[in-house]
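Consider the single chain below, provided in structure tokens and representing the form predicted alone.
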């Protein structure tokens, strides 16, 4: 059930359920002003889930437009080929990228699952700064409103990267959009600071660094990147605003600026941001693999330290996005080497997860299906990244659909799959209800199949020269685009089923026990949903969370 706790904690866990955090204080006012990390995590979960659905809607509109080319090989217009004008397409494409990256992927796991789970896994009654935690949520909401207003009403079409010199002079609400990203950065920094202090200062007695859950290690490494890298993006966006408003020549060559400088600043943040997106998912993976394989995690220390290694090396790799920007050959060689180097800690994790599965008593519940999907899809995304990290092949593949497919295999196949797995894993703990095991497996199957049908064809298109971000394309790519668009239908069907059965479970789902999965980290030693202050008394930890006695045996017993 958990790491070993005091006998009093065990006795309380066996008591009849007390009022849980969901019902301790009723009324919308108590939710809006709450400082309970669990309620804040639930509010984040609702917000990022809505952002995901909105971003997915814009993605489906992009695929709808790309279902067929606008003209045939003879230059004759194809009936129905033109759904959106080019400007409208660019705005929809920008909305998809902005919503998915800044409103879902970056805050998704840390802000929603991290807020809910991290204090429970540490044996703490809340995060270090509860009011700052609530402030970070409202800053996120303000930034979200600003971003959506700028993108929808203001017609921003720069893409989510805001590349200069286009973003320096184009019309639309670019200033408002960049200020929205600036505001969202503060939410990320507040959350990261809170997690760092919580991990350092609020661990339960006996919970040493060598006993911390790997999810905590991953969130801790992510928080370090958030605090150190996000200010770089904020300063870059402020410089862009100064250039547009005051006419200061920083990035625009017409004003004496250098657009490549913007790329250096942007990717110095955005490549570490890739690991802000994926590291929390890796932490979720460690929890799912050991729980549903019923085995002690293989190479605990290597997985933990590889999270820190990723956090450090990620700051040195930004130049591999700029192989064709005119940087020197020697700089390109160094960045290519560092790109291969940062892959090593990720490979360590994948190898150790696979070794944990070996001879395990594997239970194929929905969270485990998403974990296995992560292993397959993230491995494909990582290996295809090696082509883009190699100077010779990147010149050919740069700015093609190969990059689009690689990015989605890492972000959607990695982060989103881990998010889905984490939500299914901790759903009983968050809401005290079980969802349909049958429909959850059907959904996981459709999501996996739909994802591959959507993005595998894009590797082929990219290797054959199909550029990304284009509104139209040559007829020779039509069949691949149609197949990719058909995959979105399958993927969307799986996600729609997921939303329905999770919502139904809130009212009709079977009541969850304190530990329905037989897991061994601290959050599973208390009732589901937890009481408002988490623990009746702070537990004392005497063993690690992954000490399963024998593969296949129930690891649910708590020792006194």
Partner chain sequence: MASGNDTGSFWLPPQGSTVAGEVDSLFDFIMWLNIIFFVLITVGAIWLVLRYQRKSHDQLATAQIGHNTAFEAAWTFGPLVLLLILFVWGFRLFLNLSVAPEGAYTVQVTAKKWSWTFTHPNGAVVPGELEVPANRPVKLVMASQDVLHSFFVPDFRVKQDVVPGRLTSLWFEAKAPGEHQIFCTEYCGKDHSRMLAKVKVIAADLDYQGPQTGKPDDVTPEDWGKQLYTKYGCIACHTLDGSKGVGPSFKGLYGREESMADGSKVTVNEDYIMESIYDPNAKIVAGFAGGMPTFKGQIDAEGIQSIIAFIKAQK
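Predicted model, so just to flag it, every value in this text is computed and none were measured. Positions refer to the first chain, counted from 1.
In what follows, reference is made to the form predicted together with the partner chain, a form of this protein that is not presented.
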{"property": "Distance check, residue 372 to the partner chain in the predicted complex, heavy atom within 4.5 Å", "result": "yes"}
{"property": "4.5 angstroms heavy atom contact with the partner chain in the predicted complex for residue 294", "result": "yes"}
{"property": "Interface membership of residue 464, the partner chain in the predicted complex, 4.5 Å heavy atom rule", "result": "yes"}
{"property": "Contact test in the predicted complex: residue 255 vs the partner chain, heavy atoms, 4.5 Å", "result": "no"}
{"property": "Candidate site 86, 259 and 360: all three near the partner chain in the predicted complex by heavy atom within 4.5 Å", "result": "yes"}
{"property": "The unique member of 387, 182, 268, 129 whose heavy atoms fall within 4.5 Å of the partner chain in the predicted complex", "result": "387"}
{"property": "Partner-contacting position among 204, 227, 313, 397 - heavy atom within 4.5 Å of the partner chain in the predicted complex", "result": "397"}
{"property": "Segment assignment from 207 to 215, 430 to 438, 269 to 277, 319 to 327: heavy atom within 4.5 Å of the partner chain in the predicted complex", "result": "319 to 327"}
{"property": "Heavy atom within 4.5 Å of the partner chain in the predicted complex - qualifying residues of 452 to 483", "result": "459, 460, 463, 464, 465, 467, 468, 469, 470, 471, 472, 474, 476, 477, 480"}
